[in-house]
Structures are given as C-alpha cells and as structure tokens.
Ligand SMILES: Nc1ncnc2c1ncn2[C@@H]1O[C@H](COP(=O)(O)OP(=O)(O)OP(=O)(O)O)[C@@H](O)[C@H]1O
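Read the single chain below, which is given as structure tokens and is the form predicted on its own.
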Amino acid sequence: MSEAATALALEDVVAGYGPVTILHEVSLVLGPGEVVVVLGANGAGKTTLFRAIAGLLAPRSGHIRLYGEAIEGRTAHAVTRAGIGHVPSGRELFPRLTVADHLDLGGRLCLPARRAELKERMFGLFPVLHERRQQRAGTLSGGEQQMVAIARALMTDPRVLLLDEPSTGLAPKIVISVFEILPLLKAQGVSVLLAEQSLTLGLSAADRAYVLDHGRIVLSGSASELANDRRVVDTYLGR
C-alpha cells in the first residue's frame, strides 16, 4: 500500500514500560475507510500498541504516520487533534458525568456547529444514548457504557478510530450491536484499527488482520485468508 493510500502506518515501532520491552519492531498499515483487526491473546501487546499510537506511551524507536504525517512522540491531545480517536479497553468513563457530558467532552476540539452535527450523528448511531443522554454513565449497562466510550471518541471527529477490545465483558447480543457500527463508519470514511481476542468476531468484522504474539507481528493477510489459516489458532494455543 503506497503512503498516499495509507491512513495509518507503523514502521518498526518499539515500545515498553521501564526496562521491559513489550513491542518489538511492529509494522502495519491501515487504509482509508478500512477496518483492520489486530488479533492476539491476552498479554500479546495489543493495548500497548494502541497506547503508543494514541500518544499515551512514547515509542522508543520507529515511526508512526497519519496520512503521511509523523505523529510518534506527540502528546495524546496532539495526536487527537491530528485525527486519531481512541476507545480504551477499560472504557475509562466518568461515572458521575452524564452521557451528554461525555459527548460534550469529546467534542471540545470541534467548532460548535460541527459539535452539534457530530452529536446528532452519535444519537443516530446509538439511539439508546439519546434516551439516556441525561443519565450518569455509572448507572448504565456495560453495553451502553461501551457505546458512550465509542461515541466520545467519535466526537473528536477522527480520521482513524482505535477500538481496543470492545467486546470485553459484554453479552453476545450487545457485542453484535456494537460491531454493527463498523460498516457505517467505513461508509463515512473513518478507518478503524480494532484489537480483539476473539478470532471469530475480529475476523468477521475486518477487511484485513494482523496477529500479534509477544509483541511481534507473526502473521498478516486478508480476514478471509487468516480465517482459514491453521497457524492463527496455533499461535493462540502457543504451538
């Protein structure tokens, strides 16, 4: 994929915490309007990867480019301004703030007219949030909280959305409703990088996939190719 056709590109990214290296020369690409899933068992390094892209963890080396613009080493708010929205694995909501408060927080970087437009779009994507807009986040169900976390990130008007483990702790029916927004985001030109433990769920939602194992990309290809590749299962089972 050429740089002109790349929404997000990582090249040989190394990152970790203190003396511990978690990511080892990770390279991947995400095209405009594409959904790409990073598959990996718990502890594979998916969240560290997303934190490095989002500016929450400075890479030790390597390059991260958003539509050709270098963003590695920038602060988290600068990365957000550049056009990357981040939905963390733990949701990280403010329990006492309402749904509307969270959307307003996400939209603070946008002009008022654009903020109002985005809020209406969020209520269109997640009708239940409109019903719950004055309800405190801490009183919502797990699925509703995940919707708030996604909507808050989308309120930053991102070109790329990082969606870290959205299915964790959710009932299967709720997971399906969350994943149904991915084709809608693609249609709006938003590229999505998704982290998932579930092979079936991740591959069913994505155009392409990477398999991360102990901080290294060990397999990559189209979702259909990897769905039929025994090596993916073997990686999960540690064979």
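We number the residues from 1 along the sequence you see. Values in this document were obtained by computation on a predicted structure and should not be read as measured data.
Another form, the form predicted together with this ligand, is not on view; read the next lines as being about it.
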*Check all three, 142, 146 and 174, heavy atom within 4.5 Å of this ligand in the predicted complex*: no
_Heavy atom within 4.5 Å of this ligand in the predicted complex - residue from 68, 183, 43, 189_ = 43
*asked:* Can you tell me if residue 9 lies within 4.5 angstroms of this ligand in the predicted complex, counting non-hydrogen atoms only?
replied: no
_this ligand contact at residue 22 in the predicted complex, heavy atom, 4.5 Å_ = yes
*Counting only non-hydrogen atoms, choose the one of 200 to 208, 175 to 183, 34 to 42, 60 to 68 that falls within 4.5 Å of this ligand in the predicted complex.*
34 to 42
